[in-house]
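Only one chain is included here, represented as structure tokens and corresponding to the form predicted alone.
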């Protein structure tokens, strides 16, 4: 039976932590990292990353000289980020904070840039949660500072499917494991949600272990996000359609909004 999506968008992310890097290496990879690195370096100051997860974006930016703070509410995600941070010896360059992006625990005007990479704000499933987050970002961002937001491209028209083998391959863990991802995608048109039911099966020899959870995203479009940003006190500076900086349109491969705090 299909699971009913939860009311909190953070549900499922603790369980996803073990597979997050494995899946992203096979899908998005680091194609977005050079873009965020360039924007962060141009800000000339301290950067805040919302939903930093395992440090997929934060660590490469730290290596490039960006001073960055990452915030996430998932302990398992942050545990992985902290281990990677220690191995990279970037503790003085990148800081990690467990917290809620709807109520950012930082002083006013503390950051020259705030970034919300690949779909982070779409995990806020209620309008008031998004409004609270935008207000919090406005408060901690310095006047004239940059706010960068990326949405999952074309999520409002994502095709539904049931129990499709989306990915399979070897996962580098102690002893190694073969992983298969079976995925179901559902659209809740009334609530404007897209739900990804995930089933990861790890096989080590004759042993199998299955983990099931759901990840839920709001199906926001770029024009809808632009209106919310403007209402929250931001001025839109660029709409970008790929990681090389091309202009955005509805068929673009990436949906990125850059804004400035008024």
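Keep in mind that what you see is a predicted model, and the values were worked out from it rather than measured. Residue numbers count along the first chain shown, from 1.
The discussion below concerns the form predicted together with a small molecule, not included here.
Stretch in contact in the predicted complex with the small molecule, which is absent here, among 120 to 128, 188 to 196, 155 to 163, 137 to 145 (heavy atoms within 4.5 Å): Within 4.5 Å of the partner lies stretch 120 to 128.
Contact residue in the predicted complex, chosen from 222, 229, 39, 57 - any heavy atom within 4.5 Å of the small molecule: Spelling it out, the residue with a heavy atom inside the cut-off is 57.
Contact label in the predicted complex: residue 80 to the small molecule, heavy atom within 4.5 Å: Because no heavy atom of residue 80 falls inside 4.5 Å of the small molecule in the predicted complex, the answer is no.
Contact test in the predicted complex: residue 183 vs the small molecule, heavy atoms, 4.5 Å: Residue-level check for residue 183: no, no contact with the small molecule.
Distance check, residue 53 to the small molecule in the predicted complex, heavy atom within 4.5 Å: Yes - in the predicted complex, heavy atoms of residue 53 and the small molecule come within 4.5 Å of each other.
Distance check, residue 171 to the small molecule in the predicted complex, heavy atom within 4.5 Å: Outside the cut-off, so no.
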